[in-house]
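Next up: a single chain in structure tokens, the form predicted on its own.
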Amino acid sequence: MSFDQQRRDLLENGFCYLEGVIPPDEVAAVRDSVERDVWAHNTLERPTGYVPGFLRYNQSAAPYAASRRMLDFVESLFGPHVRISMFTGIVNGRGIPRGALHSDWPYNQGGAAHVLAPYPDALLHIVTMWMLTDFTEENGGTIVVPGSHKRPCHPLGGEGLKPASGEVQLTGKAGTVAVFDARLWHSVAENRSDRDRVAVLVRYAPWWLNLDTLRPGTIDHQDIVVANDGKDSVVPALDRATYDKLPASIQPLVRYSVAQ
């Protein structure tokens, strides 16, 4: 699929696929490394594996997240000086149940720092799902609702607990990156297989999007989130020693998150 077609799919349907971003002969090593470190540092209970600030523990996906192919695509939408807002290790273990449909930060209305609904029709934040195992319907490829990024709000109340009309699952070969607009309605899918589904979630933002509400210790996080007993995604600080060891290509994308 051409670059232009991928952009059209993202803008019109809310998601697209970039195939082979991690080469086939390299993806197994990344998968094994990520799965090991997600379970070693998991913040939730099995069968869910979830590690925010994953670069603190594992840098195996870092060179690909800052590859020229990936940045060319993101910069075609946001312009130069993009940032990585979140870098998360994820394992959807065998038996994980279906989750609720939702939009991601900064659109999720359950977060203290969120874009007010009705949403402006503008792309502000990109979510990328890095498939480190094949994503199939059986093993819980993420559920998405095509075109839902054009709706004025994400599901509210119990609406997100019900399947949506037209929903599909993200599927693809290991090494593929699924890219979607953060407004897009999506949810965890049930893993009915006998194996875990492994991924890294990397979110990209334009330079002008305020990420301080995600960072403990900042004024905006304190005033907007903590002071209001709010819930929000949190990006733990990256220590200087780990940052200094990262590939030079990714350092400009994450330097704002280094601990002072």
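Predicted, not measured: the structure shown is a model, and the values here were computed from it. Residue numbers run from 1 along the displayed sequence.
There is also a form predicted together with a small molecule; it is not shown, and the following applies to it.
Undergrad: Is it true that Asn92, Asp104 and Arg203, all three, sit within 4.5 Å of the small molecule in the predicted bound form, judged by heavy atoms?
TA: Result yes, every residue of the spot touches the small molecule.
Undergrad: Taking the small molecule as it sits in the predicted bound form, is Thr142 near enough to touch it, meaning that at least one heavy atom pair lies within 4.5 angstroms?
TA: Flag for Thr142 set to yes.
Undergrad: Is Met129 a contact residue for the small molecule in the predicted bound form, using a 4.5 Å heavy atom cut-off?
TA: Yes, Met129 sits close enough to the small molecule in the predicted bound form that at least one of its heavy atoms falls within 4.5 Å.
Undergrad: Quick check on Trp39: any heavy atom within 4.5 Å of the small molecule in the predicted bound form?
TA: Judged by the heavy-atom cut-off of 4.5 Å, Trp39 is well away from the small molecule in the predicted bound form.
Undergrad: If we define contact as a non-hydrogen atom of the residue within 4.5 angstroms of the partner, is Tyr57 a contact of the small molecule in the predicted bound form?
TA: Tyr57: no, not in contact with the small molecule in the predicted bound form.
Undergrad: From the list Leu77, Leu71, Val188, Ala164, which entry has a heavy atom within 4.5 Å of the small molecule in the predicted bound form?
TA: So the residue touching the small molecule in the predicted bound form, by this definition, is Val188.
Undergrad: Which single stretch, out of 39-47, 215-223, 22-30, 193-201, brings residue heavy atoms within 4.5 Å of the small molecule in the predicted bound form?
TA: In short, 193-201.
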